[in-house]
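Take a look at this single chain, the form predicted on its own, given in structure tokens.
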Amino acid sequence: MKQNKNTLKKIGGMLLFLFAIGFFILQIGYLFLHTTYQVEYTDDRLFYIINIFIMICLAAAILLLISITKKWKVIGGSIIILFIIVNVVLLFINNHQIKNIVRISPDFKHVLALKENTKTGKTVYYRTYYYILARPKESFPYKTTGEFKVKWLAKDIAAVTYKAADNTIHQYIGTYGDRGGGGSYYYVGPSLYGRWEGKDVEVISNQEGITVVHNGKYEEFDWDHIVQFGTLAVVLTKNNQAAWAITLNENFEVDSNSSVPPSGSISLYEATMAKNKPITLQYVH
């Protein structure tokens, strides 16, 4: 019985030791990638959390594998507690300086990652790799303030609505991949050409631009005020603010032959900090 207990302790100790070594190697690899290729963790707080996890695993492994005196337990325990306290303090300092916004897509295949410098108001959108690593892709054009409202409009489209420092409202659309190879409809606006209808909403796309009719109210946007994101979305703007986002739903298809109308549906999403849902529209003619 005692032998079995000792065997389990050794196995547990070895597993914890391997965990500690594995995450230590991960940290070393991360530091190399960060220095060489500007790679960062998707959420900066992961660096400190992993440090704490390594130390806890290492301490538990030592206790299970090696018999040590009470004196060394006290000394070792004190070092571990001090290490954890330092990392917790650094985590809170970092989190105060950099606001991390991370959202996982409904199918768990994509991660939206934003980092806002709370002092300067500069927000950067990150392209993620393997969920936990990321590289900066582009900065938001305006200084940001307040909270970010994130809504996944499809499994591969995330809308970020936010306020700029001058209190105007803007939208950034994170897109992941394309539909049908992407090359067939690189320009989203022209691929919407025609009339689309939804509940109390109508969208008309023609040579002049896009018109949105919502509850009987007409809003016209010429092509100079339509901003494309990836190959899946556009944002309609007026008075230097975002008004609506239009995204291609997963069933949307367009033929390379312009005489063939598109099929499937699109979504219309209002740019507001209030809680709202996208509206689905079907092609009419």
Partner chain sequence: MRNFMIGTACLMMIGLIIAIIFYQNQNSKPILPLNEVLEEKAEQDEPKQQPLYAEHPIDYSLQNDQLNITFDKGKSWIPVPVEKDKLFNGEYSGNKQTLIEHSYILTKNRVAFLYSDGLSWEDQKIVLTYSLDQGKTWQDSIVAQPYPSIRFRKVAFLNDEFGYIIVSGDRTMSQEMSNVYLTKDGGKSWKETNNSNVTRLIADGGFVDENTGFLSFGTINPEKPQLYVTQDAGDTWQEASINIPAKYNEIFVIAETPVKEENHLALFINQGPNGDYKGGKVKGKFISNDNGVTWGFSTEVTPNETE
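Treat the numbers as computed from the prediction; the structure is a model and nothing was measured. Positions refer to the first chain, counted from 1.
Another form exists, predicted in complex with the partner chain; not displayed. Remarks below refer to it.
Taking the partner from elsewhere, I11 is found to have every heavy atom lying beyond 4.5 Å of the partner chain in the predicted bound form.
Although the partner is absent here, I79 lies within 4.5 Å of the partner chain in the predicted bound form, judged by heavy atoms. In the predicted bound form, E253 stays away from the partner chain, with no heavy atom inside 4.5 Å. Mapping the unseen interface onto this chain, T237 falls outside it, with no heavy atom inside 4.5 Å of the partner chain in the predicted bound form. The three residues N276, I279 and V284 each lack any heavy atom within 4.5 Å of the partner chain in the predicted bound form. Annotated contact segment (heavy atom within 4.5 Å of the partner chain in the predicted bound form): 85-93, selected among 207-215, 169-177, 187-195, 85-93.
Interface residue among E147, D200, D107, E138 relative to the partner chain in the predicted bound form, by the heavy atom within 4.5 Å criterion: E138. Along 34-54, a non-hydrogen atom within 4.5 Å of the partner chain in the predicted bound form is carried by H34, T35, Q38, E40, D44, F47, Y48, N51, I54, in order along the sequence.
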